[in-house]
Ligand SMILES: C[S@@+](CC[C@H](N)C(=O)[O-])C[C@H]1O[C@@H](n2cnc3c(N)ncnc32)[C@H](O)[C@@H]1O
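One chain comes next, on its own, written out as structure tokens in the form predicted alone.
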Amino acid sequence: MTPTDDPANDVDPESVSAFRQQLVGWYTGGRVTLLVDVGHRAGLFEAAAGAGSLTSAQLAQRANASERHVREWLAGMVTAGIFTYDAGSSTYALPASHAVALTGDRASNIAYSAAGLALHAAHVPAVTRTMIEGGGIPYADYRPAFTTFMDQLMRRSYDESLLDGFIGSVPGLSELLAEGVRVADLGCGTGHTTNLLARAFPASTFVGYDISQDALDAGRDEATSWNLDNVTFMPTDVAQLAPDEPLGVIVAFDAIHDQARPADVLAAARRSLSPHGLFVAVDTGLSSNLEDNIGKPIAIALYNFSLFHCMQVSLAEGGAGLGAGWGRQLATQMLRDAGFDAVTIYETPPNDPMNAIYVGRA
């Protein structure tokens, strides 16, 4: 590049400076995310919550951690505005409003979400390779860490809102499950949603399908611990779903857009339903049109998630590579193409801003 070709020659220096500051802000946010992840894994937030002002030594003792490392971590937390600091007493405190978002069993606790950055970062070399060569990254390369991450990412939300917020948003679904029907959960992962439904609707029978044996084992263990006798788990490629008897309800939680053959999965679901049966998919709720997603922070997260996982596991199988940004318009069209005459979209509860509820009626 010659000096006359340098693009900086024709750019307003103030606009360059402003964009550089924006980049630095994003990079800094990533570093804060890693600090949150470490603090969550080490139990530091739980140790600080409700404890008032603590020295670094006191917090380290409560968390059974190294004081020197805790002190450095706290410095990052203070400068990020997550903890407060009193210089006179050299004490730190986690404000109650911050503790609500970082501790406890409520859906408001999103501390575990920070783990996604480190999980994705481990795959940067492989993602870069696919960017150049094409193809994808096999799902096996993400396990078991990804399975655990997804379980923890959504567990509190479903604990709090699955029955009233998700199932309750679909007219007639709760009543159908209460009466007693055969239900399949496609791509059930660790089976937590399957077990929650089985516990809430004992008159219905449930089967959780997934390709991950370790995830299915977790589902079976939870079902056993809850003394559930109306739920089973089976390793299955859901694109080849062919139950012995028709199903009254089929559900899928954050599973369709990851599939290698999503059109086949939807068609198999349609064939497997009894007359008047329901297919209910909780899946990403962006628009299929990129321009509609500009300015939405959740869109940034979902496109990142898609490049680092969703489209990768599909493309690794020679699949469609829909990705998390497939969107409402394409999802609706694919459901219609699969044979669902009536397709309706319902909004998810506020504690799940990334998804929508897609309902196809047989």
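Residue positions are given as counts along the sequence shown, with the first one as 1. As the structure is a prediction and not an experimental result, all values here were calculated from the model.
Absent from the display: the form predicted together with the ligand. The rest refers to it.
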- Heavy atoms, 4.5 Å, the ligand in the predicted complex: which of 75-83, 125-133, 90-98, 145-153 makes the cut? Say which one. 145-153
- Item | Candidate from 200, 290, 211, 121 lying within 4.5 Å of the ligand in the predicted complex - any heavy atom | 211
- Option touching the ligand, based on a heavy atom within 4.5 Å in the predicted complex, out of 233, 279, 166, 253: 253
- Looking in the predicted complex, any heavy atom of residue 189 within 4.5 Å of the ligand? yes
- Would residue 238 count as touching the ligand in the predicted complex under a 4.5 Å heavy atom rule? yes
- Although the ligand is absent from this view, report whether residue 259 comes within 4.5 Å of it in the predicted complex, heavy atoms only. yes
- Message: I'd like to check something about residue 112: if you look in the predicted complex, is any of its heavy atoms closer than or equal to 4.5 Å to a heavy atom of the ligand?
- Response: no
